[in-house]
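Heads up, the chain shows up twice below as structure tokens, two forms, tagged structure 1 and structure 2.
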Structure 1
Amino acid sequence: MRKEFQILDDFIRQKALRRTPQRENVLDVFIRVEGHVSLDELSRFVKKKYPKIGYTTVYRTMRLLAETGLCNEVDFGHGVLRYEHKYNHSHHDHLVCKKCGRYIEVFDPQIEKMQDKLAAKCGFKPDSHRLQIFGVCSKCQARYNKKSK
């Protein structure tokens, strides 16, 4: 059994929830999708492989997977919640373009050290964090600069 399925199974048992094949099927599809996937996108992928699984089941399962720590819920400010892998994936932050919606994943150990230092200075013990910087990407800046000339 893959570790992700074991984590889900342990969590379900701990919370005294029902173990269903539908939850495992959604996890099966999610594991194969890389990047930041919306519920609509994931639901379409799930429907292709498991036609009897509906949107609500996908929604509830993804909320459950977020609780287990298998994925993160990410909001890039466009009103669409997205999910990304957390388990066995390096922590990263995001730069988000407010014009086109593009996002850039940022892996920076210095940022992590600064956040740890800040938390320690304040006597705070973090268990998670998210850093999202919103602005305008280089492509949109170039487009704007061409229009203004």
Structure 2
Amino acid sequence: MRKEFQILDDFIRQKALRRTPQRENVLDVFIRVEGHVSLDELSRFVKKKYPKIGYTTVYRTMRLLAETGLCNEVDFGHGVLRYEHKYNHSHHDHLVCKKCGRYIEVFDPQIEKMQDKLAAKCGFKPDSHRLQIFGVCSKCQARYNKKSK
């Protein structure tokens, strides 16, 4: 059994919740998804493999998984919440391409450090942050250059 199911089970036991096939099935689908998936998208993926599982259950399970630390809620400011993997994925920030909609993951330890310093300078105690850089990815730049030739 994959470690992720173990984590879910442990959480369920610890909180005196109940093991259900739906919860494991949603996790099963989510594990195979990569990238940043909306509830709507994920729910459709779940429906393909487990047609009986409703949207609401996917919604509630993802909130549960977020509690366990298996996933992360990410908001790119487009009016839709997205979920990304957190287990075995370290913290990162995002480049958001406004042409193709891709989310590119980046990380810079220096920026992270300077953010902490910046907060400290204000006596602010940080516990999370989000950094999103919006623009045009390299692929879309290439595509655009081709067209305009």
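As the structure is a computational prediction, the values presented were derived from the model and not from experiment. Along the sequence of structure 1, residues get numbers from 1 upward. Each form is matched to the other, and the largest set of C-alpha atoms that superpose within 1.5 Å is called the rigid core.
- Legend: structure 1 corresponds to the form predicted alone, while structure 2 does not.
- Remark: with the core as the superposition reference, the CA shift of H129 between structures 1 and 2 reaches 2 Å or more.
- With the core held fixed between structures 1 and 2, Y103 has its Cα displaced by at least 2 Å.
- Think of the chain as two rigid blocks: between structures 1 and 2, the small block swings through 23° with respect to the big one.
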